[in-house]
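Only one chain is included here, represented as structure tokens and corresponding to the form predicted alone.
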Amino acid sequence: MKQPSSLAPSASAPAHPAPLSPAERRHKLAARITRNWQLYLLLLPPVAFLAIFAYAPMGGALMAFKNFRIVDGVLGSPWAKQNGLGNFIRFLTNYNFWGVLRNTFVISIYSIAINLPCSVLLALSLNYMLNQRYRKFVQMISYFPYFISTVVMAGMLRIMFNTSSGVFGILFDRLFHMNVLASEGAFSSLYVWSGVWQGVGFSAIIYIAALTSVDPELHQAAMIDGATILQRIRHIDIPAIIPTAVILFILDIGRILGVGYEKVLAMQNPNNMGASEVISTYTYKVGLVSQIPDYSYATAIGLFQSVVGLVLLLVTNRIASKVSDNSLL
């Protein structure tokens, strides 16, 4: 007679474990926290930071739908006209809207189109340097400007492009009869290329980290087959950094309307106002600098920026997932 296998499941054993009750789940969670309390303690500061400075201020977004008055507070202030959308309609119909929107898009797209290739090119160049000391020196020099303050950077640009004493300012004045600091046409290029000088070294670190994950045997096999450096870059290195580049590109698209006002404001003057007035500087001026600050209007503009950025991020992420199988989600 055939004996039943000892590995066969018992007829009385349940197919799936019984679900835990709420009390048991709480007890299990408390035991896990008690057992790993050091890790949860390390997690507490960043969570508290996000809760205080990222999520708590979201309640103030209600101000965008109201005519805010300080004496009444956010909740006590009356609702804006047109079912609370009056501040948004006011911005969309303002004569400055298309100008600041165009300037914001031009600077953002210009920055993305230049920063991404420059960062990849620098990372690839550093990756193929044979002299390790020279490589470290170049890498240190390239990312050192990232730590220069925005105000200091703007001051350096003013000194270097001064038409009376700056080296580049005198050069452009004599060759092209142009004052770069006072030219609307040169503002976006000055902003973007100074940003490349300041941030390309730091951005390249991410791509260098991606290149370190490439198996050296792939390069050895390619060299045995007679592949040149350009062929190795095209068929080995570029595919390795494409996922990282796609993720960074998606994040950049999400921030396309978020051109920082600090550097723009520091470089701005009455002569280049037509090209330098972006949404961030316009919001800063109507919300804080004007004689009668309009907090509700400024909040509505900021909320408009966030919503448009979120939509662009989701759309770009969707397209990237369909085209290249690389996305945030």
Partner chain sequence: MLTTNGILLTIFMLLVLYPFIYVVSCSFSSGSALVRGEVWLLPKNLSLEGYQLVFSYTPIWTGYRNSLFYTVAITALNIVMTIMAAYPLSRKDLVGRRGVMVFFMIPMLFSGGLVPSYMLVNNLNLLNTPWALILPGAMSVFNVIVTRTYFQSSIPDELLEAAKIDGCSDIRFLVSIVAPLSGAIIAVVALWVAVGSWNSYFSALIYINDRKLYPLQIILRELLIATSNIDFTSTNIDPKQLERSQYLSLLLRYGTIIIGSLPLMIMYPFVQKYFVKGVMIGSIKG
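Note that the rigid core is defined as the largest set of C-alphas that superpose within 1.5 Å between two forms. Residue numbers count along the first chain shown, from 1. Being a predicted model, the structure only gives us computed values, none of them experimental.
Omitted from view is the form predicted together with its partner chain, to which the following refers.
The partner is not drawn, yet in the model of the complex one stretch among 75-83, 126-134, 94-102, 186-194 has residues with heavy atoms inside 4.5 Å of its partner chain: 126-134. If you check its partner chain in the model of the complex, you find no heavy atom from any of Phe172, Phe249 and Ser290 within 4.5 Å. Among Ile229, Ala221, Ile238, Ile89, the residue placing a heavy atom within 4.5 Å of its partner chain in the model of the complex is Ile229. Put simply, Ser142 is close to its partner chain in the model of the complex: some heavy atom of it is within 4.5 Å.
Contact between Val71 and its partner chain in the model of the complex is not found at the 4.5 Å heavy atom cutoff. Shown alone here, Leu122 lies within 4.5 Å of its partner chain in the model of the complex, counting heavy atoms only. Residue contact check for Leu313: one or more of its heavy atoms lie within 4.5 Å of its partner chain in the model of the complex. Along 240-275, a non-hydrogen atom within 4.5 Å of its partner chain in the model of the complex is carried by Ile247, Tyr261, Glu262, Leu265, Ala266, in order along the sequence. Superposition of the core reveals a Cα shift of less than 2 Å for Lys285 between this form and the one not shown.
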